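Heads up, the chain below is alone and in the form predicted alone; it's given as C-alpha cells.
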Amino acid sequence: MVDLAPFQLSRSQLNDVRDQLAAAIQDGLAAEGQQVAALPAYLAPPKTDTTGEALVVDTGGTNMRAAWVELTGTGEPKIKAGPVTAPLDVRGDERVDRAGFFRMQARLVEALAPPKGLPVGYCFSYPSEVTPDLDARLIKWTKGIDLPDVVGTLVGDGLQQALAAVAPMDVRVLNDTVAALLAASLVGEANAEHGVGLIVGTGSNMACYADAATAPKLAKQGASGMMAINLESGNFHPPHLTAADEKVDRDSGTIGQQRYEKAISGFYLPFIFQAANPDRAGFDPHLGTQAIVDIINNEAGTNDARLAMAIIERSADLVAAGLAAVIGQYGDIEMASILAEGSLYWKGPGYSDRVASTLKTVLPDDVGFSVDRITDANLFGAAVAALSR
C-alpha cells in the first residue's frame, strides 16, 4: 500500500512554498539568469474600459488561429469574425522556411476579410524574449516544432511582413500567460493592476504586474511604472517534494528544470502516480491526466484512487501557494483578480474548488480574490495588448 502522507502538505509546508517562491520572484525581478526568470512583457496594466477593434493571431502548440475582435468597454468582448483555425503541421518539414511560416498565419488573417489598418495582437506561446518595442525574439522551439530559420529572429516583424500584402499593420507580441493576465481586466473584480494570469493545463505558468521602481532589473532597462511580467514560474524548485517527484525529474530528460511545473501540471501528474505506485499493472502515463481521473472515478475507495486524488489535490495546493506568492508581490491590497486557464484547473475533479479553499488559508485574512474564466482568453488578451496605448 502506497503511503499518501508525502503528498499531503501541511499549512506550514505550503507557507514554505509560498515564501520561497515569493523570494524567487524578487530575485528574478532583481537580476537576469535567476530560477524564476520574471521576463518583462513591456505592457502596462490595461484600462478596464479599453475599446476598439483588433486582429489577433494565436500560435502555440501545434495549432494556429486568427480572429477579428471588438472590445466594447462593457466587459462583453465580441468576436466579429472567426476564429479561423489551422494545424501548424510543420514538424520536420524542411520545405517551410521563415517566410512560409508567417505566410501560413497571414492567410488565416486574410480569410477574415478584415478592414485595413487594424492593430494586431500576436499571442506567440513559445520561449521568446519580448523586446521593448513589443516584438519578440524566438529563443527555441518546443512542442515538437522545429523550423531553424525562425529561431533567433523577431516573430512580430515576420508576421508584419507577411501581413503587408493585406495592409500595413502594427503587431504587438505576447505569450498566453500574459494574454490571460490582460484578459483579467475584462472580467475581474479587482483593480487591473492587481491581476494574475494563471495557466494550469498540460503545462503551467503565471504572470503578474510589477513596478519598475521596486524591480532593479526593470529600472536598469529604463522602464517605469507598472509592467506585465511573464514569470516563467514553472522553473521554480519548491520545497517538500517527494521521492516520486525526484524519479520523474530524473527520467524527464530535463533534470533540475521546471520542478514546480513537474509537480503540478497535467502532463506530469500521471508520471508521478506511476513513480509512486510502480506495481500498478497496465498503467500508461502517456494517456495524460485522464488516466488517473479514471482511477478516481472507477476505483473509489481503493488505495490507488486515494493516491490519484492526493496527487491532484497536492497539485491544487501547490498552485494555491504559488498564487499567494504572486498576490503577495502587490503588498497591502484588498482584492486580487485571477484569470485561470487550462483543462486541469477547470476540469480536474474538485480542482478549482480545492485551489480556492487552500488559497484562503495561505493569504492574509484581509486579502480577497476572484477567480474568473473567459472563453478565448488568448484572443481577447491579445486584443487588449493590441489596443492598449
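Keep in mind that what you see is a predicted model, and the values were worked out from it rather than measured. Start at 1 and count along the sequence shown; that's the residue number.
From this point on, the text means the form predicted in complex with beta-D-glucopyranose, which you will not see here.
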property: Heavy atom within 4.5 Å of beta-D-glucopyranose in the predicted complex - residue from Tyr209, Phe271, Tyr126, Phe101; result: Tyr126
property: Answer option from Glu313, Glu261, Asp245, Asp135, heavy atom within 4.5 Å of beta-D-glucopyranose in the predicted complex; result: Glu261
property: Interface stretch in the predicted complex with beta-D-glucopyranose - options 174 to 182, 76 to 84, 212 to 220, 159 to 167, non-hydrogen atom within 4.5 Å; result: 174 to 182
property: Asn205: touches beta-D-glucopyranose in the predicted complex, heavy atom cutoff 4.5 angstroms; result: yes
property: 4.5 Å heavy atom contact, His237 to beta-D-glucopyranose in the predicted complex; result: no
property: Exercise: Asn303 in contact with beta-D-glucopyranose in the predicted complex, heavy atom 4.5 Å; result: no
property: Arg280 within 4.5 Å of beta-D-glucopyranose in the predicted complex, heavy atoms; result: no
property: Contact at Met64, Gln105 and Asp146 by beta-D-glucopyranose in the predicted complex, all three, heavy atom at most 4.5 Å; result: no
